[in-house]
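Heads up, the chain shows up twice below as structure tokens, two forms, tagged structure 1 and structure 2.
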Structure 1
């Protein structure tokens, strides 16, 4: 058992299942003890029928919350044991109407006594606890209902990965990646324009030498995002070539790149930064807004694809 201890909270699932098993084992003994001579797995069906009178297979599987083959199987077994009578419905020949036989009904009183005792024992047990186990269980179920555990883990993963993302300055070794990522996203959404080609093929001549900058996001030594600052005039830079590789989106890499770029612009003496985009690109617009950009006065853009201009005072 040191193992569960060791794994601790990671093994909560197994732990819950195991605790459930403990109850199940005891339950099996109880049926015997109370003279309710049924297989434990029959109980849900039996109980349901004792309450509802008659049910179809599907109705039962839905209210019990298990697959219909299980119910079908159980009904077959119980019929063989003489506890159940089945028959076709007169209204819909597909449905199998199931009800308790006389022998089955004869078990009801014992079963009710058993349920009563089990209920009381559980009630006493729960009231004896310092923690409200029942409420805690409900809360856990409801939280997992809002967002599954899987989603929660994925979120942690993205967080961890984003922490491992590093922003670095451009150097020639990144030229291929810089081109690849940008051509990819442009081709995916629009088409490559003359301006794109010129910049991507000659980042040195078109961005760096005129006094701009290029930043790259690295994750595990691979380039997963790019962003550049184009110098417009002594006090103004334009944010361009901002992209994050498809597999790494949702990890705040755009945010990191954006922050780093604005920081860089400030250090280069900028008073204002602008960015052009397309209203189709919702996530991009929303990122720029989060970074502090606001819708600016529309100006002539060299790109066909741009229909919105945003700016920020630094």
Structure 2
């Protein structure tokens, strides 16, 4: 039973490490067979120097695609083995570079023969495969260069968690959460104003009884986001008190709340929705634009912090 094979795609990293170990074992024997006394992990640095003569560690790091600390460690090990030396660049005396020592240069002829044999053996191996492994490897490296694997897993995690978010309508049991989340974001960016206190302390009287609505986002039965619709007139509702708890941002919860709020506004007979904000809240402005809001005509606002008003026709 091959446990890693049974695990499938989730064990890709482990499979690649195992495959790397297979090559590493044979590589050590190959270096010995060809009389090239170097550690397999030194090969990229050794071969680059054999071709270019001299390089700074920064240049080698970029050329090989390894971090600066990793290349620095390899250079230290090779220097201890007497294969390389450091000095000033022949082109710019201000730049420190690494060069092969006399002992290192003496290994180049055997290395060239080894590289040619390995190249031909690898070419035969790849042609025996049904799939072009080399092209697939290059494509994967390119894709991971655009977006790391960690970022891709985080994206899937956030998507999974967002699917677990439930949008519910307000009831008195959520009053403290409604206040807490909104006071938190307001105090973080601005100061709490009189209008804030009136709405947050009396959501029934200020929002619900005049014909508005309050929606909340629940994740694992905890309130992680809120938004409300304040009725301005028979055909216009204002999107207010919209926020998502800090630890749950980036999971499309704001998007789900916004979509649900606009749909609720339509069900209440709204022809237009408006929202007030501040341009320093770039993620919020971006969300409103994504929802379809556009900059509207400036109207009097009860909030000092408001410097942008947006609207959408429903």
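Throughout, rigid core stands for the largest set of C-alpha atoms superposing within 1.5 Å between the two forms. Numbering follows the first chain given and starts at 1. The shown structure was predicted, so the numbers you read here are calculated from the model rather than taken from an experiment.
Matching each structure to its source, the form predicted together with the DNA turns out to be structure 1. Hinge annotation between the two structures, restricted to 121, 142, 58, 96, points to 121 (rigid-part boundary). Once the larger rigid part is held fixed by C-alpha superposition between the two structures, the smaller part shows a rotation of 15 degrees. On rigid-core superposition between the two structures, the C-alpha of residue 62 is found to move 8.6 angstrom. Comparison between the two structures places the CA of residue 31 4.1 angstrom away from its other position, after core fitting.
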